[in-house]
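Given next, in structure tokens, is a single chain: the form predicted alone.
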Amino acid sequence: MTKNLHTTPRAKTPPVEVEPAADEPDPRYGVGERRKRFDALGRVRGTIRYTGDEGIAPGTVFVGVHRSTMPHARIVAVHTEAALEIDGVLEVVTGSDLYKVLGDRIYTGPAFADQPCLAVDKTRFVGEAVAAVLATDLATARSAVDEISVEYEELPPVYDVEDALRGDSFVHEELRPSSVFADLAHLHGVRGTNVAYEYRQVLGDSAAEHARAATTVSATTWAPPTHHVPIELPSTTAWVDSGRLELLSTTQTPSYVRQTVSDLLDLPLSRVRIMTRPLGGSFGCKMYDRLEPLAAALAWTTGRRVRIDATREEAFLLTTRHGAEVIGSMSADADGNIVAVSSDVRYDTGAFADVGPRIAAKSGLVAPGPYRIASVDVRSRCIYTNKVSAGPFRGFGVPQVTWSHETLVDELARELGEDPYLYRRRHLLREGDIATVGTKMHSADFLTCIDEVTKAIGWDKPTPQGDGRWVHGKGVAVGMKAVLTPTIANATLNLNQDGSATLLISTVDMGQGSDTIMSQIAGEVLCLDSRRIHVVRADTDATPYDTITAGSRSTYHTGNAVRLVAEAMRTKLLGFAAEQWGVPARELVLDARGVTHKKSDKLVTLPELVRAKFGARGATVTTSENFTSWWVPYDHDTGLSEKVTEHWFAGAAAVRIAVDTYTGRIRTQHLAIAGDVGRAINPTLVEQQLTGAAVMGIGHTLFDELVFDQGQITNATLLDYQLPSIKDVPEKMTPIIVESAHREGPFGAKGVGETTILPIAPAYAGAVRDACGVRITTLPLTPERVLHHLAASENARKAKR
């Protein structure tokens, strides 16, 4: 009998806020207005139905996964007999079984086809999926995986990037590109290397500039791998219906998953359907290939309806943020001008490339920092090791390089005897400047961001002296990121005869409030109350293609598609009225009352207009539009491009802290963060995004770190993995919206979700440097690490006596 996991009665769903209150003077909640997200109550009260909350259909079987205990080994044999003898176990499927059906199509991945949904022939990290148990209930499936035994022939492991670059052992025999995305289409297959991808940026002669510079600072920084830790765990259900593969999953990339499943099963896209529900957080861990390829392969090859629910411990094994080492130098001439920056960036991508090549490139292009720099030499590499695969994480690799360039510029300012804030301000890029990557700056107001955050914390006020135990300090940093380009967004809009509207897009609302702001954009164009516009959940049978929901791209890209589709609807409605009244459309205007003929003051409401057009109640009017951004691919040798991105993110953080010199604990007294968002479609949601990203950045600065021992994670539980709690948030926090409108953004808007995670760590490290006189270049800034550096500093001071 199938076990029902959801027997707890659900709370009564509160009424959905749809209709505006009658006494509200102008209840349209358009662009620039503060509106709470439409699903706020449901998210707080737990009444929203997430993927895992969906009912379990009769016949559903549950999947348990047996995982590798070896970081790098040949699979000699998989023994499944004991597991099959357990009551309730229906089948055990191995990678070899799937390979016999799927062949090389079993290998998927956004950059390289290197990721089998079950290991074939060999394993590449501790925790890799080796065999799947299909059982009638979840408990049986999970207990049966312990009865599977695997014979291995151990291979030399590659534990870190130093091992990998020596080239004594290779994680993959051959790297085969998957060519899913346009900006990765140039990748080609190679053998005999662990370097999946290398991006170079060369401007001027940095070696010569370093050699003749007046002042040079150097640092090797390390940002460890971390985990995303969304509240909602991954869950995927897949089944076959009338020869089609249908799949419901916790994914923020339904269009990508559809293409992957289509390729995996060799089916036309029309026979693959991917459905989503709202996500309970993601931060990048629900992108690309997670549970979906395995669920699809099992459903298709067994003909069963299969469900995979990851445990919290398994979620740690699905993906991580890249650990990154950056060996960097920054030089200034006698006048303090920055004349050279060099960066050797090494991303540890683990066993699978995932989207690591794109991360190495997109972060490498901003590795020098948002400054006027005469020459640069950047080498950014994505490197395989025998560890859990790394993938996208909020900030897309840029926090790791920001950690480097802000450490360097802060130390350079101090070496020159200058104020770190004023030194940055003097050299920051301005509107119209050319970034080191060769692209002109527009709508990236670093100056206002850094001015506002330093003003907020009282940068010019004296720092408290301290009491002998607690010492005080202040720090500041900026962050720069390019939005993912090129990408594609589509939108379809149905205007209902009653004057409400239904918007179809494939952006997934993960809690960022995208459904709310998209309705505000459409409502602004059509002069409709945005609460009368419903956004349909991403479903590839209904909603149009969208590249991904990630990288803070949706407000700009999907927002532009929504603006265009609403403008097309406005044109269509004016055409209806022009046709009905026999007047030119140019004499008509659309406002909150309906369509008006300016010369005659004739007015028709939208319900009347649509009903007159079709002669029926309940009719709909439909428009569809596309927005595709474009770029100029960077030069192969120099990495330069005259248009490498559609727009820039600019942010800053300033912080005042107190450090307990007895324990090493850091207490945040005031953190101010600012982001240039172009135009705030909904200021409340923007402030929440700025704040949320900053708090996550505090976690990466003070707590988050995945610890590995011989390739195995040793803290993959929430008992061992440290996260900030409510007691760790700053005593005072000030989010600041900066608006430098983008000329092509929807109403001038850009994305915001990642902007303030970028500068948090270097701002804190600068504050520790200010308070204690020690420069720490390894994250996180744990009490033990702070104490270690204080002791080392004291020992060095004594040695000089």
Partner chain sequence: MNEITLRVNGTPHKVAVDDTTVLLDALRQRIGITSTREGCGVGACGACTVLADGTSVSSCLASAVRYDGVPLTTADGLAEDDPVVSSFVDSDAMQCGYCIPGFVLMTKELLAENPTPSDEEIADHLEGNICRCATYPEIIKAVRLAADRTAP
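Numbering follows the first chain given and starts at 1. The model shown is predicted, which means the values in this text are computed figures rather than measured ones.
Form predicted in complex with its partner chain: not shown, discussed below.
Using a 4.5 angstroms threshold between heavy atoms, residue 37 counts as touching its partner chain in the predicted complex. Contact annotation: residue 424 falls outside 4.5 Å of its partner chain in the predicted complex, judged by heavy atom distances.
Its partner chain is not shown here, but in the predicted complex it comes within 4.5 Å of a heavy atom of residue 684. The closest non-hydrogen atom of residue 233 lies within 4.5 Å of its partner chain in the predicted complex. Three-residue candidate spot 45, 689 and 718; every residue lies within 4.5 angstroms of its partner chain in the predicted complex by at least one non-hydrogen atom. The stretch in contact with its partner chain in the predicted complex, judged by heavy atoms within 4.5 Å, is 509-517, chosen from 439-447, 509-517, 171-179, 655-663.
This chain is drawn without its partner chain; in the predicted complex, the residue among 381, 362, 532, 228 with a heavy atom within 4.5 Å of it is 228. The listed set 271, 372, 643, 312 contains one residue whose heavy atoms approach its partner chain in the predicted complex to within 4.5 Å, identified as 312. Of all the residues from 46-63, those having a non-hydrogen atom no more than 4.5 Å from its partner chain in the predicted complex are 46, 47, 48, 49, 50, 52, 53.
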